[in-house]
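Single chain ahead, written as structure tokens, the form predicted on its own.
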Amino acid sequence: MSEKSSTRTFLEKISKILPEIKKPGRKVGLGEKLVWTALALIIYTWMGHTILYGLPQGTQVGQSPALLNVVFAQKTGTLITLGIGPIVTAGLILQLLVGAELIKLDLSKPEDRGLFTSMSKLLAIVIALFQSAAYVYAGFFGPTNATQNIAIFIQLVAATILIMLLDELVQKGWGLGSGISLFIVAGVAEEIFVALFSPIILPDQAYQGIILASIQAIFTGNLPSILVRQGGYPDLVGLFSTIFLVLALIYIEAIRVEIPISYAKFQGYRAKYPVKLLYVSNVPIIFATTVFSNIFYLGSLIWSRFNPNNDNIFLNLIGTYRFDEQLGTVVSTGGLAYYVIGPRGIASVLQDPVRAVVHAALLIVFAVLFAKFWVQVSGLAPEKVAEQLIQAGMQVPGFRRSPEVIAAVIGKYIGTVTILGGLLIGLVASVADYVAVFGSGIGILLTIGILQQYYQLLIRERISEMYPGLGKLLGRE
């Protein structure tokens, strides 16, 4: 995208009319940042418990695949029905286009970063308009009239814009970290809390929350009844699997290969360049679930208008659906849309083991492919890392100080951990749901990574307040 292009000029004009949160014109203290962060979180949580006006009677709130609830921090039937989906999708699309140099932007320049932000916001609004229309057009909430459809459409788009501003509020210096990450963690934490302590009484007269259900089972002498429960309700297998997964992920996050490096001008100086096992973090699984969710929703749109009886052989390959009266929403029953959303719980896996195997295979393959792709387009490739080390005056001891040589040495490690990391997160994200991990496998994956980032961020913020000089070195001012 050239500096004088008409497209750039158009986008710059559009950016001036897009809603925006201004950066603070003063230093915001840690205490005030925590207040603004909490406020953004409270508003988002309130939106997640506010049912859409005009929703048909009987629609069950939050009844959508756990995969989508977690990654997009959404609750079907509420103001966050779309969640952070449009924002995440827009950001990923633009990151890919810029990384592949299909859009020429230098994100090291403030003006290009500002243009990238404006493009992301504009694309997020466009995606929200499309998804909102698709939800209404597909009859995703059941039978609705024109007035209800218009009301629901307006609320979904307006809610997405508000979520976008909340994220911007947190990111632009008023709060801490990223609003998107914050909303994901909040959603996962809420699911885990409900799974542990929900006082709702189920049809079998047991509590929904596994802690309360366990106490009840101990007094009644019926512990086997909560070992594995039907209907996706929290059980003991899920509880112990969640504890094991959290501990395992904390350990896995710490695994890394440390490549020795030295300063070219001072041969006695030694350091290590760490290459984590999860080198690409959780980005590949976010990519994969974004693709899967779009397949699920676009498939439901096609089904509702062109194949409501599931009698078109070709459209059935995309997905077959039915409207579940009990859940008050559309569920997949076959085709690709059925396999991109995996079963949850041991009972569901045993009912359809083929679906479990296919879903796990798809998620693992997509995670590995996206991991390799993300390394190439995001500046994590061995060639880019080698260039950065050369520019910093570093070299690998025992090897010639050449970008090609250093890239070859580092590439052996990066290539391996990229594939292993993609395979591992794909396997964890799929299999964890098969043992009914609370908050879903993907949710736990994302939460562990995000909480570690927030921990490091809080330490930097605290240091910058106590020692302003160090704060400048850390880039906090």
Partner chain sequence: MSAKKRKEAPMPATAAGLLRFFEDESTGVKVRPEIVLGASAALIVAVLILRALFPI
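Rigid core (definition): largest C-alpha set, two forms, superposition within 1.5 Å. Positions refer to the first chain, counted from 1. Note that the structure is predicted; figures quoted are calculated from it, not measured.
Quick note: we don't show the form predicted in complex with its partner chain, though the next part is all about it.
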| note | Partner contact check in the model of the complex: of 313-321, 130-138, 221-229, 115-123, the stretch with a heavy atom within 4.5 Å of its partner chain is 115-123
| in the model of the complex, the residue from 345, 382, 335, 91 that sits within 4.5 Å of its partner chain by heavy atoms | 91
| task | Indicate whether its partner chain has at least one heavy atom within 4.5 Å of a heavy atom of residue 168 in the model of the complex. | result | yes
| 4.5 Å heavy atom contact, residue 46 to its partner chain in the model of the complex | yes
| is_contact(residue 272, its partner chain) in the model of the complex, heavy atom dist at most 4.5 Å | yes
| Is there any non-hydrogen atom of residue 466 lying within 4.5 Å of its partner chain in the model of the complex? | no
| Does every residue of 97, 303 and 411 put a non-hydrogen atom within 4.5 angstroms of its partner chain in the model of the complex? | no
| Going by heavy atoms, what in 170-192 lies within 4.5 angstroms of its partner chain in the model of the complex? | 171, 172, 174, 178, 180, 181, 184
| task | Take the rigid core as the frame of reference and indicate whether the C-alpha of residue 13 shifts by 2 Å or more between this form and the one not shown. | result | yes
